[in-house]
Ligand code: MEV
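Just the one chain here, the form predicted alone, laid out as structure tokens.
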Amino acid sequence: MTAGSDTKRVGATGTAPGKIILLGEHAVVYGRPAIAVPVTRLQATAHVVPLPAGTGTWIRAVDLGRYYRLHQAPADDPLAHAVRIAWRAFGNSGEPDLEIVIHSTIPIAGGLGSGAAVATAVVRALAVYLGRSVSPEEVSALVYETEKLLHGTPSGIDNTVVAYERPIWFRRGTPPEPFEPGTCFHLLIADTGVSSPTRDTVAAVRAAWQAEPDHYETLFDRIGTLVARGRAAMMSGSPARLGTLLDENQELLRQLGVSSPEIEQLLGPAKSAGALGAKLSGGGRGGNIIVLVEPARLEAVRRAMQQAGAVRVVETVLAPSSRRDQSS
């Protein structure tokens, strides 16, 4: 969309998906690779509405029940930070006269990239509002600045996969590598109902690594190796092999100390009901688990996790580009 008065009069909207880390969380903070994918059935939306001159900028976070003025927000407010950095990055100064209305279906503190998705939606909405064309790389770089507020020492994987909206191979300090799965992989994402801020678990693992660096470096190396095998399994179209690797990654996450009774309470029934593999996703100690399932077992596995206490189960499909429109 080009810049112009019509654009500003009608406002502008930006959206962004959630995400899950299939393999490699925590180790990715220490330079090992990880695989992450978008979850398009969960979305964050930001809508920019022009206001009369002199009104200033207002942020309406619908799901949080918050409505506040930009200049009154503290420096560590991630929504306000996203607005400020995007507005400046797009060559503007001062405080614009507009309202930014934010809504998201992505659960907070569940390892689904809610913070990165909301910030991405805000950046995209402001870009459209100003008639700016921005690349996924530019969006990701801006959103990474908000990730620092949310997570302390983020790997950068959340902002990257959300901005690119494709499965990616990610390694800190190197360009992300989007890749194509060789077949459809059917996943269920089950919410434990326990909030799990990523900042807290990342900090806990860092403290443990500082106390026993050799032990934790070995675990990170093992995770990095199975991530490489995971990409090969996905590209060759082998769900059974990928399922085994999910289970192996979960065992290593247990050894990192980031599993929890609530997570294990869902993993067991999922496997018993026929899941090919299952693991926590994100920071751990709550949040969500991801389960790889053959289509014929989807409903059985879903019911098993619901009966075990899952408060929400979302289905998503990783599909080759030729079939992506049918699966999103």
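Just count from 1 along the sequence shown to find any residue number. Please read these numbers as outputs of a predicted model, since none were measured by experiment.
Note that the form predicted in complex with the ligand isn't included here; everything after this is about it.
Of the stretches 120 to 128, 226 to 234, 149 to 157, 176 to 184, only 149 to 157 has residues with a heavy atom within 4.5 Å of the ligand in the predicted bound form. For the chain shown alone, V48 is not a contact residue for the ligand in the predicted bound form, no non-hydrogen atom being within 4.5 angstroms. At least one heavy atom of V202 is located within 4.5 Å of the ligand in the predicted bound form.
Looking at M305, you'd find every heavy atom of it more than 4.5 angstroms from the ligand in the predicted bound form.
Not displayed here, the ligand is kept clear of G277 by more than 4.5 Å at the level of heavy atoms in the predicted bound form.
Out of the listed residues L267, A44, V28, I35, V28 is the one that sits within 4.5 Å of the ligand in the predicted bound form by at least one heavy atom. Of the candidates N249, T198, S104, T192, T198 is the one whose heavy atoms come within 4.5 Å of the ligand in the predicted bound form; the others do not.
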